[in-house]
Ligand code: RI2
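This document opens with one chain alone, in structure tokens, the form predicted alone.
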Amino acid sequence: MNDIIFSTASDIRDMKVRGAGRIARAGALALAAYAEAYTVRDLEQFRSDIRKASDTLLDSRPTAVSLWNGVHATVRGLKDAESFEAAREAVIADGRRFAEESEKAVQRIARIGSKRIKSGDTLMTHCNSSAAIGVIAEAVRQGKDIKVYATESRPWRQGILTVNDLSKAGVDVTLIIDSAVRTVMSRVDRVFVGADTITSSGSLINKIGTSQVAMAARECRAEFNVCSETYKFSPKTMFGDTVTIEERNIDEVVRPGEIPEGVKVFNPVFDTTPARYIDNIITELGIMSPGAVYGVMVRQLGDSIFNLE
């Protein structure tokens, strides 16, 4: 298998590539590059190897429906191709198209979401979402005077990336520790977070701690907004599939010898925010309520939805 597949899967697994959108684009472009470099001109062998490459990428981050959708969008033309050349070109074109459309979706979300922000607002964001950062940066680009609190987002401290991104965009941003969310929320008007996965019921799967941010926002009457490309909607949840919450190594939390032997450490990557805590889901199609997600999935997938079971 091409080194690009193994290196991309490794980078995703080791958190060198972070963020659901970036993960999805990395997977799609890795498959496109793999197809471009493929030299065995045999259709069935190519199909088999592409499936193996897809599985390798998907195993690197089982929770990320964005990666699942990006990979499946890239290989969708494989089944109907009648020749090796047609199959190869389909994978290359579809992978590049997905990555390009993903970038455009983030830009459109920024334009749409920035309309929710008023000059004088104080905002909060959690973890490191290119879509949420795009919304905030666009509001500042439009001349709106805002302040932003960004959580540290342990254990990987993605908040460090976020404050650097926002500072470069000219945003007045303050980094806070995760446990300060409730203290600071009383000053916040609106929250903007990204999404790893959105279920058919409109619930949000996102960086651990997101649900606590949402609950604090509801208590303090701060608007809670999710910024999400529609390819993060999980069609598999329409048929009863549950979203796997990935757990990572305890070494991310404690160093060897810091705690007594036998003490357990629970290190989940994501949590679930129920739809009732979400005010708006901002997508490239527009702003929608959590209850509208199911209909969007059906319209986008059409008849093909019945092949997902």
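Numbering starts at 1 and runs along the sequence shown. What you are looking at is a predicted structure, and each value in this text was computed from that prediction instead of being measured.
Unshown form predicted together with the named molecule; subsequent notes refer to it.
- Between the named molecule and the residues Val148, Ile117, Ala217, Cys127, the one pair within 4.5 Å by heavy atoms in the model of the complex involves Cys127.
- Val269 is the sole member of Val269, Leu43, Ala275, Leu29 with a non-hydrogen atom within 4.5 Å of the named molecule in the model of the complex.
- Of the stretches 71-79, 176-184, 87-95, 130-138, only 130-138 has residues with a heavy atom within 4.5 Å of the named molecule in the model of the complex.
- The closest heavy atom approach of Pro290 to the named molecule in the model of the complex falls outside 4.5 Å.
- Taking the partner from the other structure, the named molecule in the model of the complex has a heavy atom within 4.5 Å of a heavy atom of Gln158.
- Using a 4.5 Å cutoff between non-hydrogen atoms, Val298 does not count as a contact of the named molecule in the model of the complex.
- A residue is said to contact a partner when one of its heavy atoms sits within 4.5 Å of a partner heavy atom; Lys207 meets this definition for the named molecule in the model of the complex.
- Along 183-211, residues Gly194, Ala195, Asp196, Asn206, Lys207 each place a heavy atom within 4.5 Å of the named molecule in the model of the complex.
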